[in-house]
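Alright, two takes on the same chain below, each alone as structure tokens: structure 1 and structure 2.
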Structure 1
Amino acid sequence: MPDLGLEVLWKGKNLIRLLGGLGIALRISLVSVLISIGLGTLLGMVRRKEKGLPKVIMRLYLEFIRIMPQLVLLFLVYFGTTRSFGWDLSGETAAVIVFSLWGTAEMSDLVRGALNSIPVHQYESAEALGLWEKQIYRYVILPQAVRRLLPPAINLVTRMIKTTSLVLMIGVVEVLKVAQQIIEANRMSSPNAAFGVYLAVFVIYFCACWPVSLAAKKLERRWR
């Protein structure tokens, strides 16, 4: 039987350290997701209604965030602001800022697309019934838009969880950084440690993202 290097996981507190790193990654992603959903929903509704300069500014913001790699944004916020503005940002704070900016941009575009996918006669029929604008959104538009928004929004959440692996580049000790530390510490005693540790990281990320997808599928079936 080939040596997969899995025995490294049971040495000392290696497995507990990996789970602790996952906790940091999930904390960053959870805070970023909550901020992104709130701000992204508001921006998406504004982007659908606003015209002129505000719409151009929000479009430029979206395109800038989309084109710029998340790793470059992390370096820009963590290293750039520290030297340029003298800010004392921790790695986690910089990561939350970057992922919130990215998530807000993506979420706003998803919300705008979901609202635009609702046929115009839905708005017109609701107005003909005498509903106010807030009532139209609350009782007619949003229930339909949320159903269409849920699959891409869940995809964005899982992407944010997985992309937190980039924060190791700015010194945050999350699950991938812990994995590298374990491999380096056991390189001599267990040459195949890398395979076993990275396999464990794969399973950990899968277990973190899979329940989110399952919950989304259950919600979709219930709303149908």
Structure 2
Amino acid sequence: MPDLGLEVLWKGKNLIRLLGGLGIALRISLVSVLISIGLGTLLGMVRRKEKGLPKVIMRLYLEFIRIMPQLVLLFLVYFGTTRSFGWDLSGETAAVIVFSLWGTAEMSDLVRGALNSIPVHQYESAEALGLWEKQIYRYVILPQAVRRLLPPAINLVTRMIKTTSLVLMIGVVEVLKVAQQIIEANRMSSPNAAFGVYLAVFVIYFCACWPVSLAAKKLERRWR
């Protein structure tokens, strides 16, 4: 059995430090998810009504965000805007800005899709039954739309968590960076640390994302 470098994890506080890195990644994704859900829901509802120039601008924004790799967006905000506007952004703030922009775009799409998927006759029948607009949304449309919205929205959370691994590239100290530090520090005593530590990082990310996507799958199956 070759030396797998797993013993490094138990040395000192290494495992705790890795989990601390995960904490930062989760904090970034949690903040971004909350902002995205709020703004995305609003935007999704507004987008059904708008016409003309605002629609075109909105469309361009959404397409640009969707088509650019998130890493490019991170670079644009972290290196690009700081340079052109002369402000000072920490890596974490830049990450939250980018992930919120991206998440809002995705979320607004999901909301719009969920609302559009409700057949028109649902509105018409509710109206025929004498419900007001508010009641129509409260009792007829929203319960159905939320069911369609929730599974993909939860999936968005896992995508967000996975994407936070990119913040390594703009100098935020998260799981991967901590892993690099640990490997570097133990270079002499356990040269194979890279295997064990990166394996641990792999497992840590899996443990963070898997329960969330399981929940999404379960909801989807139950509500079908």
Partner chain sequence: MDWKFIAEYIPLYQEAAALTVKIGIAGIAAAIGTGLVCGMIGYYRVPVLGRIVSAYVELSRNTPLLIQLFFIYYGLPKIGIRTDAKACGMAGLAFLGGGYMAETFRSGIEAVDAIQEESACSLGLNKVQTIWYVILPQALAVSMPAFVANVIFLLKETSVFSAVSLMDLMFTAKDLIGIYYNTTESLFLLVIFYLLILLPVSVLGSILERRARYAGFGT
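By convention here, residues take numbers in order along the sequence of structure 1, the first being 1. Since the structure is predicted, the reported quantities are computational estimates derived from the model, not experimental observations. Rigid core here is just the name for the largest C-alpha set that superposes within 1.5 Å across the two forms.
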Two forms of the same chain here; which is the form predicted alone?
1
Could you check whether the CA atom of P119 moves 2 Å or more between structures 1 and 2, using the rigid core for the fit?
no
Can a Cα shift of no less than 2 Å be assigned to V212 between structures 1 and 2, given superposition on the rigid core?
yes
Displaced residue check between structures 1 and 2: F85, CA, 2 Å or over, core reference
no
Superposed on the core, the Cα displacement of L129 between structures 1 and 2 in Å comes to 3.0
